[in-house]
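As a starting point, one isolated chain is supplied in structure tokens, in the form predicted alone.
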Amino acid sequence: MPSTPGTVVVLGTGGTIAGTAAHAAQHTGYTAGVLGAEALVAALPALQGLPLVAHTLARLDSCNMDGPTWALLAEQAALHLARPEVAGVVVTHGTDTLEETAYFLHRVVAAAKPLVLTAAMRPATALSPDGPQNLFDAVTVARSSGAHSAHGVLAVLGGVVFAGAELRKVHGYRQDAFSAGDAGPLALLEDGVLRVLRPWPNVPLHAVAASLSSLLATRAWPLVDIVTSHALADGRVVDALVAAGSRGLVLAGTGNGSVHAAVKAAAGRAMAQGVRVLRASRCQLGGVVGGAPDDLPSAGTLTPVQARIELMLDLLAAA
């Protein structure tokens, strides 16, 4: 392993950024995760000559992201960030579950240096792929120094830097597919120059972070599911999930976290059996604000997928 000061470590997990298609005009129906991190770095002339090290951890379509890959990614990211010669770590990832991985890493990795996730909406073989620019921008943020020196878990896409804890995917096809909701971007990349808009995120680690590797080496991830509330809903899904072994449930409620009466009743039965329940909003913006005394426990500003990760970590810590 080279020990050049200012080294950036690129960890590849697959995704569209590493995907290939049968022809250059094809933006859907491609195969994700074909190319390794080493190939992505080697194909980008602007990165040549920089102190970079690339490792491929997985070649997943991120819709299939799994617990072992999450655990390995967190372990490797923390290991490299602790090396004094490493300026930062970049993770190439698929867009489908990018917001989930970003939140998970935010909660379990002490990123006193930049831990930057990036991705692409078009495969590497596209006529105008977005991956190369996103990867270059991510490395730029990872190498930032001086007054603009970044830290924390970040995501860089389309010239915008987002906090990992605030990231959400808001479009299924367009290149500008990501947002930070009400919080907005942290910084912008303008012609290779980082313009910081607000302070870099703090690192409020979950209590389970200190023993995450040993916990996951000895036990399975706890089963936590998301149930969407909607018109004409009933409690069958909640009852079935509890019967199947769910230890936690996130209810993605309508509007400000409102939950259909039948689902709420089923959630009450689940809680009586020791199942943890959180109430989130299925809306992209706003989260859950306030509530009545008899409401189910609130996830606050967390999205349903973020609330699910938080419940999983809580259950791991309590085990």
Ligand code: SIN
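Residue numbers run from 1 along the displayed sequence. This is a predicted model, so every value here is computed, not measured.
From this point on, the text means the form predicted in complex with this ligand, which you will not see here.
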item: 32, 58, 40, 277 - the one with a heavy atom within 4.5 Å of this ligand in the predicted complex; value: 32
item: Heavy atom within 4.5 Å of this ligand in the predicted complex - residue from 94, 201, 248, 131; value: 94
item: is_contact(residue 77, this ligand) in the predicted complex, heavy atom dist at most 4.5 Å; value: no
item: 4.5 Å heavy atom contact, residue 16 to this ligand in the predicted complex; value: yes
item: Heavy atom of residue 121 within 4.5 Å of this ligand in the predicted complex; value: yes
item: In the predicted complex, segment of 41 to 49, 59 to 67, 258 to 266, 286 to 294 with a heavy atom within 4.5 Å of this ligand; value: 59 to 67
